[in-house]
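Let's start with one chain on its own, the form predicted alone, as structure tokens.
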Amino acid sequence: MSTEIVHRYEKGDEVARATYPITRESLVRYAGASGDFNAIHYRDDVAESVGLPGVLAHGMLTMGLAVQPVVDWVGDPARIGAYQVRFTRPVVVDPASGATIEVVAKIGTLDEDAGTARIDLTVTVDGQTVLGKAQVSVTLP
């Protein structure tokens, strides 16, 4: 009898990385898909009138994009057991240049016996963290 090791992970290993450009058009499409038509997501005057620095990306859009590299890495959304984030900074979407969300996913903890890991996400826009304590529990591929 022989055993084949199909993966070998260690804490701190980067398992996925992705970049997602967001435009005002992206926000309109997300609003239509989600039903969240809050005007702070598409009107500068409304966003400014409530003290925001500009039109903001939907939090759930940001959160959804941030987990996608992990879903792509594990290859099956059913391998995601839990997912949590803290919204630490709004994603302001410039009318001309948009915004770019950058995601780096690394192994935070590993349980080889259970075949599971906690994946820690670093999610930034222009070098500033926009999601804190972004963690995904996965069954390893």
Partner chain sequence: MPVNPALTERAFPPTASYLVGREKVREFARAVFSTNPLNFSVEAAQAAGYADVVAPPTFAIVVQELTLAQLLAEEDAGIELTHVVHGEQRFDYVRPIVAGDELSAQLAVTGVKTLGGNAMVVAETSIRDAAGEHVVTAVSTLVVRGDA
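Numbering follows the first chain given and starts at 1. In this text, all values refer to a predicted model and were calculated from it rather than measured experimentally.
There is also a form predicted together with its partner chain; it is not shown, and the following applies to it.
A residue is said to contact a partner when one of its heavy atoms sits within 4.5 Å of a partner heavy atom; Ile107 fails this definition for its partner chain in the predicted complex, lying far away. In the predicted complex, no heavy atom of Thr100 sits within 4.5 Å of its partner chain. By the criterion of a heavy atom within 4.5 Å, Gly75 is counted among the residues contacting its partner chain in the predicted complex. Although the partner is absent from this view, Gly32 contacts its partner chain in the predicted complex, with a non-hydrogen atom inside 4.5 angstroms.
Contact annotation for 63-92: residues with any non-hydrogen atom within 4.5 angstroms of its partner chain in the predicted complex are Met63, Gly64, Leu65, Val67, Gln68, Val71, Asp72, Gly75, Asp76, Pro77, Ala78, Ile80, Gly81, Ala82, Tyr83, Gln84, Val85, Arg86, Phe87, listed in sequence order.
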